[in-house]
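Below you will find one chain, with nothing else, as C-alpha cells; this is the form predicted alone, and questions on how it binds or moves follow later.
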C-alpha cells in the first residue's frame, strides 16, 4: 500500500500525458448530456448505468462501446465540450501539458465534416489554455484499416488545420492484426516532408514485429504502447540507444487482457533496461482509470519511491513534441518543482 506521502507526491508532481484518445475520454456525465443534446437513445439513463455499460469482457464489446460514444459527437460544439472536459480533467491531475489523439475516420464514416471536428477542437483548446492553464496539442490518427490514399488525405487535412487546431503530428491506431503499419508509409513520408511529428500504436495486439514495422517503415519518433517490445532484446537495445519513447498504458493493457496483471506487465523491466517510458491512461472512463491511477498501480506493485516516480514524470516531459527551447524550459521548471515537493512532503 502506498504511503500517504507518496500518494500526495504522485498527485502533485507535474506530469504530461501523451497517450489519450479524445473520443475515448468522454465521461458518463458528458455522454448523457451529448445524447440529450441530439435526442439519442442510450441503453442507460444515469451515470451509474453508464459506468456499468462501460464494463466490457472482449475487444469487440469495447469497440461497440467506443462506437456508441462517438455516435453522440455531431457538431463543433460537441467536440468543444469534450476537449474542454479533457482540459479540466488534466488540471485536476496535475497535467499542464497533454498531446491528444483524435481519429477522423470514426466521424467521416458518419458524414461529419472535418471542419466540425477541428473547429470544436480549436475552441476547446482555447478554453483549456485560458480557463485551466492546460496546453493541449493534437495528433491526427490514421485508422490502420483505411486505404493508404485515405491516410494521405488525413495528413493533408491535418496539415491544413495545424495552426488553427493545434495539430502537431500524425498517428496510427485501430486494428494491428492484418493491417501492418507499412501500408501507410506514403502518408508518413508526406507527414515528414511537411514537418509533422510521427507516432504510431504498435506492439499491443501484435508482438515486437509490429514495433519494428512502425519504426523502420514509418520512421516514427515515438511508439504508442510498444509493450511487446520486451519480447525482443535487440528491439529493446535499439529503443534504449535511440531513446525512442514508449507511451505505456498499463491499466489499459490489463483491461484488454494484453497482460493478466500489473505485476506481469513489462513496464518495470522496460524502465530497468533504460527505455524511455512514461505512464498514460489511453481511454480513461472506458478503462476505469486516469493517469494518477496508473501511477498508483505501478508505484504500489513495484514499490517505487519518490525518485522513481520523479523519473517517470520527468520522462513524460522529455517525450513531448515541444520545441527544444520549450522542452528545456519545461524540464527546468519540472526539476525545480519536483525538488520543492520532495522537500515539502518528505521532510
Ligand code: ADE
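In this text the structure is predicted, and so the values were computed from the model without any measurement. Positions refer to the first chain, counted from 1.
What follows is about the form predicted in complex with the ligand, which we do not show.
| task | Only one of 244, 75, 174, 159 comes within 4.5 Å of the ligand in the predicted complex by heavy atoms, so just point that one out. | result | By the 4.5 Å heavy-atom cutoff, the listed residue in contact is 174.
| field | Listed residue that, although the ligand is not shown, lies within 4.5 Å of it in the predicted complex (heavy atoms), from 125, 201, 228, 184 | value | Contact residue from the list: 201.
| said: Taking 4.5 angstroms as the heavy atom distance cut-off, pick the stretch from 201 to 209, 188 to 196, 125 to 133, 214 to 222 that is near the ligand in the predicted complex. | reply: Comparing against the ligand in the predicted complex, the contact stretch is 201 to 209.
| task | Using a 4.5 Å heavy atom cut-off, state whether residue 63 contacts the ligand in the predicted complex. | result | Yes.
| task | Please run the contact check for residue 21 against the ligand in the predicted complex: heavy atoms, 4.5 angstroms, yes or no? | result | Contact with the ligand, yes.
| Judged by heavy atom distances of 4.5 Å or less, which residues of 72 to 86 approach the ligand in the predicted complex? | The stretch 72 to 86, when checked against the ligand in the predicted complex, contributes no residue at the 4.5 Å heavy-atom cut-off.
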